[in-house]
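Take a look at this single chain in structure tokens; it is the form predicted on its own.
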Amino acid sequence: MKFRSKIIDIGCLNHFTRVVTTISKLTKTCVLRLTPDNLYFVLSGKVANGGVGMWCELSQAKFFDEFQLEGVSVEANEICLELAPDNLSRALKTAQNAKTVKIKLTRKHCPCLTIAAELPTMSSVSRVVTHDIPVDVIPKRLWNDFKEPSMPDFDVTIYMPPLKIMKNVVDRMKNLSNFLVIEANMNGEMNLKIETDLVSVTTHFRDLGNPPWAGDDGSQAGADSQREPETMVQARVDVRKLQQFLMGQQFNPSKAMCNIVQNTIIHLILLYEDVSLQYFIPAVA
């Protein structure tokens, strides 16, 4: 297995750093899946047990000036690594003014992602700062656990309000209860609700719009013939998990969508040009 890459463009470096920093605020450990065309940050297999799931996809050509990969075999030309994204984020932050940043898979005392940043100097002598980030190489037999998750058969899909506004609302609601109800319909309406024995608070969002999302059979997603567009679909979630997602955003997405499966799951999607981030929050009883 071999992997080496280089980033020269400072804008690409800053953008990649923001993406990794976002991931680091969502999870302490995740899987970095490397393919010839894309990079994926994956957190899977925990939604059924009450945890969250994540799938972040990046096009390598949009970030890297050089990208060379030799996977475990010709047929399986991929590499899967488990790492702490916070370590990668901190290494990249020290290289924000670098002339070039090289990232490669090395083996020292253990397998590592080595970040080598060539920093500008006042003399002709180059100054290189190197970070070795420990990783665990995931064997091929476990790769199926880190494939793209199937799209939920959701009941409602809706565009989200501005994330900063939603974050401010959720931050205040967190002080009232540990759980929050998200409900929405196919008429562009979303409500955030807190209901306890002592207080009932609802924040209303209107005219958000509903994405024209087709299902696998070509039918309109969320278009249940038994449900009127005004009928609300809801899921009750741990407010801290939703707050963590909103606090972690380091870039402004071009589109933000929320899919709801009645009393089952909240599926959040952020799209930003060359980045797609999916986040799964299970409902609680």
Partner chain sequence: MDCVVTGGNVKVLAKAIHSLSRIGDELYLEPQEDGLTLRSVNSSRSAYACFLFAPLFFSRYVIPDGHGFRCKMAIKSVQAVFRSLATLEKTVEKCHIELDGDRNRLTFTLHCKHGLLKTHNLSFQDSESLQAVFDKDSSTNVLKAQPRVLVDTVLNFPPSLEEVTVTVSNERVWFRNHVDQEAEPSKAMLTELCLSADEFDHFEVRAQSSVTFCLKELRGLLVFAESTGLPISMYFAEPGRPVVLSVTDSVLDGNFVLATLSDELGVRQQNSKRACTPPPPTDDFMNDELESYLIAMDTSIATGPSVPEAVLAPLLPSRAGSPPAKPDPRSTIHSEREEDSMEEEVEDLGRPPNKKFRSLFFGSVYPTGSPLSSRTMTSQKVLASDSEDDT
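Everything quoted here is computed from the prediction, not taken from an experiment. Positions refer to the first chain, counted from 1.
Another form, the form predicted in complex with the partner chain, is not on view; read the next lines as being about it.
In short, of 173-181, 125-133, 197-205, 151-159 it is 125-133 that has heavy atoms within 4.5 Å of the partner chain in the predicted bound form. Relative to the partner chain in the predicted bound form, residues N87, R90 and H109 are all within 4.5 Å by at least one heavy atom.
Proximity of T121 to the partner chain in the predicted bound form: non-hydrogen atoms within 4.5 Å are present. At the 4.5 Å threshold, heavy atoms of N77 stay clear of the partner chain in the predicted bound form, well away from it. T94 belongs to the set of residues with a heavy atom inside 4.5 Å of the partner chain in the predicted bound form.
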